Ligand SMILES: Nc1nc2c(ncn2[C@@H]2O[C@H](COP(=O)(O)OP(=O)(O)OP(=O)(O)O)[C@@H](O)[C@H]2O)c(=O)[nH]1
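Quick setup: one chain, the form predicted alone, written in structure tokens, and binding and motion questions come after.
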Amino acid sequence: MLLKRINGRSLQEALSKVEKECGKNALLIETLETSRGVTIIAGRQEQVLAKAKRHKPESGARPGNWTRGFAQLAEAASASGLSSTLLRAIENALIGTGVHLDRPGDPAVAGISARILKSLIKAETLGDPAYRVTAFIGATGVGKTTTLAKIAAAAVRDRDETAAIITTDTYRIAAVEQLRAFADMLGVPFEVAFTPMDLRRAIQRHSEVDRIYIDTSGNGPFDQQAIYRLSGTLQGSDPATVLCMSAASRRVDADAIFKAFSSMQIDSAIITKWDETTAPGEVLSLCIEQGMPLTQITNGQRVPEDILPACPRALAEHMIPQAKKADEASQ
């Protein structure tokens, strides 16, 4: 059994037991009030994923080889791009919750599946102090510049922070002018850094602002020399590094991008262009399986409107819409 029922006389006591038995990054599935206090269904996140990765379907088994009670949900989520590894992790975890997987129709399956998926998604916010100086990296055409503009606008207009924008993308004149115009509109300073020394000096000049955002040139995953140069450019300035990945990327391409940029220190990821695909689960699955925190999802070209925080619950319900429908039907 991958999940445990942990009891406590209070929520605090139960959570303390969960941390002791399942670790600080425990996968929390459900919290229930009982006559004796609180029961939490939880497990070790790494065990759930590790067992799923070890699973190998029997020879001659039908595609997916899902239990009858999970098959319909798995097939729908798979069509949206959610990986078989994640779906297997969810199915394995369901076994410890007492739902009926031997036959279809248990209304609890979708809701608990969504809660399990939610627990597997790590999320951070670019408003944290660790992201005071942030560099946006990624392949060409994923929307780094537009994403930076949206995030800078949120910092200045919504959180009333001071900011500065720096670009090292000297290959695209249009991108430089686009950012310059946007910085002027926001009323924040803008600089172009041609060398690593330029970047360090620019960051020092703006040491008193709340946020510094660094745009970088797009680099293909097979151009290791370009990625090496980018790493060298950023290394001396030590910014938080956010990898922008298009939701429209196929999993094989997303894997190549992640592998190429993993030679750098990646702190978190942003999934862009969520609105441009019917299978965003492929990139989402990669981030979850790699333990990569998500900060934002972009879903359009409008600046600054089309950007959302990476909410684990919303993402899980998008991948498993049956859960939201069941919840609405019960109300």
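These figures come from a predicted structure and were not determined experimentally. In this text, residue numbers run from 1 along the sequence as written.
The form predicted in complex with this ligand is left out here; the points below concern that form.
Proximity to this ligand in the predicted complex, defined as a heavy atom within 4.5 Å, singles out one entry of G81, G143, G111, P239, which is G143. Exactly one listed residue, out of S263, T34, Q301, T278, brings a non-hydrogen atom to within 4.5 Å of this ligand in the predicted complex: Q301. The three marked residues, N92, R313 and E317, fail to reach this ligand in the predicted complex, with no heavy atom of any inside 4.5 Å.
For this ligand in the predicted complex, the listed stretch (66-74, 36-44, 267-275, 281-289) containing residues with heavy atoms inside 4.5 Å is 267-275. At a distance threshold of 4.5 angstroms between non-hydrogen atoms, D169 is in contact with this ligand in the predicted complex. H206 falls outside the set of residues with a heavy atom inside 4.5 Å of this ligand in the predicted complex.
At a distance threshold of 4.5 angstroms between non-hydrogen atoms, A139 is in contact with this ligand in the predicted complex.
The closest heavy atom approach of K150 to this ligand in the predicted complex falls within 4.5 Å.
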